[in-house]
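Quick heads-up: it's one chain on its own, the form predicted alone, in structure tokens.
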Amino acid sequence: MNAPRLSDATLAALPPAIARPAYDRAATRIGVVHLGAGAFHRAHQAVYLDDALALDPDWAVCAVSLRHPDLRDALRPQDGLYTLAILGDTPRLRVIGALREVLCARDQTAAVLARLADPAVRLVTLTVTEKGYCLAGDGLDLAHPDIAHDLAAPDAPVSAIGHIVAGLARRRAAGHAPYTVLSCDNLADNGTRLRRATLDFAQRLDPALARWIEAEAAFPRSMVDSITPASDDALRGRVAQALDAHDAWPVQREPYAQWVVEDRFCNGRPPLERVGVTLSDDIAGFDRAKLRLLNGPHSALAYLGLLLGLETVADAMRHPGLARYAERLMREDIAPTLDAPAGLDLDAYIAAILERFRNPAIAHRLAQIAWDGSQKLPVRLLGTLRDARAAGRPIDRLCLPIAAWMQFVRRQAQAGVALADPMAEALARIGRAATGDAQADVARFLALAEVFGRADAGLASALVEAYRRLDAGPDAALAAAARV
């Protein structure tokens, strides 16, 4: 017999071990519209809001997919319910009830705009990826086809910016207060850039509307973090077996989640600080800590781990020499370059990151982390390296992953393996020309001003030494780094 579908009607019959909403869903009211209702939103912000609904029923979510109806069609028969799998040593399942409505803007434009105009909606959140903001530099890309369409047909928007402005225009016309617009994408200075793009768009439609948005609306900055692997049939099977019910689209994530939000709202807000959200005026400080302490060591593990023949981050952390190296890199080389923002304990943050790296339930492939090294290394490691040099601290450990990237490029190019990198062509030429002469090989890489800027003799010398050590064997290089 077929299993029943997860829904409000079947929620009470789920096994006791399955966590479920700690509130009466029927008593909640939609106060949030989320644009870009993908897996990350459902595994992250919606979970925080699910917790908040147990404290205040006014913050249920209308989840909007801008283009594709798949999520709506999967979750509408489930009354918006879905299962979150927390992937740790002991996996846990939880049914999330925060989504009270799921829409697809492509064929429900009127319903989406009506929801945005509803005065009960006081917060609009976004996870549309960087390209969804239609930016060019620091402003709006007026040549973008979606923006051009929405300026010509503002009542039938297709872009996220077009929807935000269309909703605000309706509220202004009706005499309602604006909503707060909160970007939850990993985009530097996300709130400021979203505000600028929104004002650019509104100015071209109606300067009076732009002035109203500028004076009355709010665009807080934020930072989000949690690894969210894609849903697959294996997850659906595990969830169905545990629930004894069918869930068309569960999601999964690691146990760790972080959400830091600038406390700048114009029309009330959920009780975020009571459900684990950090409210801070220093979003840039949290972003910097994440880039350097999480993303930097991630790249280091990727390039050094690949040279050691390892496949995943968890594999890398099971390698004693590499695990010791990563921790020393974080505590002794990276942390001293940071001024911790209020509310961030660097020692505890490092411990949490190391625990995340060790999680065997997250198969984060080193080869994937190694993509786009020419773009990642300047912000993840080279800035830290420059700060360490300026402070007169040793840079041996910091040079090792940069040299490992050079070795990685050399190995891939000489094996004829395509590089996943915006500078793939230039890197492949350098990699093919590499001979193993450390000084000549490193000089070729340092000539890439887009990556290294103006590299001086001191940096070149340190990288040549790291490159030589890796050529002698990554295990020996790690052992030497441990003696520094």
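Throughout, rigid core stands for the largest set of C-alpha atoms superposing within 1.5 Å between the two forms. For clarity, every value in this text was computed on a predicted model and none was experimentally measured. The first residue of the sequence shown is number 1, and the count goes up from there.
Absent from the display: the form predicted together with D-mannonic acid (CS2). The rest refers to it.
Student: According to a 4.5 angstroms non-hydrogen atom cut-off, is T278 in contact with D-mannonic acid (CS2) in the predicted bound form?
Tutor: Taking the distances in the predicted bound form, the answer for T278 is no, it never comes within 4.5 Å of D-mannonic acid (CS2).
Student: State yes or no: in the predicted bound form, is some non-hydrogen atom of H246 no more than 4.5 angstroms from a non-hydrogen atom of D-mannonic acid (CS2)?
Tutor: No, no contact at 4.5 Å.
Student: Check D315 for me: does it contact D-mannonic acid (CS2) in the predicted bound form (non-hydrogen atoms, 4.5 angstroms)?
Tutor: Answer no; every heavy atom of D315 is more than 4.5 Å from D-mannonic acid (CS2) in the predicted bound form.
Student: Looking in the predicted bound form, any heavy atom of D146 within 4.5 Å of D-mannonic acid (CS2)?
Tutor: D146 lies outside the contact set for D-mannonic acid (CS2).
Student: Just to confirm, with a 4.5 Å cut-off on non-hydrogen atoms, which of V224, L354, A335, A242 contacts D-mannonic acid (CS2) in the predicted bound form?
Tutor: None of the other options qualify; the answer is V224.
Student: Name the residue from N295, N267, Q203, S374 that puts a heavy atom within 4.5 Å of D-mannonic acid (CS2) in the predicted bound form.
Tutor: Only one listed residue qualifies here, and that residue is N295.
Student: Given that the partner is absent here, state which listed stretch (102 to 110, 87 to 95, 337 to 345, 225 to 233) has heavy atoms within 4.5 Å of D-mannonic acid (CS2) in the predicted bound form.
Tutor: Partner-contacting stretch among the options: 225 to 233.
Student: Note that D-mannonic acid (CS2) is not shown here; using its position in the predicted bound form, name the residues of 125 to 161 with a heavy atom within 4.5 Å of it, in sequence order.
Tutor: Not one residue comes within 4.5 Å of the partner.
Student: Any CA movement of 2 Å or more for T109 between this form and the one not shown, core superposed?
Tutor: For T109, whose C-alpha is compared between this form and the one not shown after core superposition, the shift is less than 2 Å.
Student: When you overlay the rigid core, is the Cα of K290 off by 2 Å or more between this form and the one not shown?
Tutor: Passes the 2 Å threshold, so yes.
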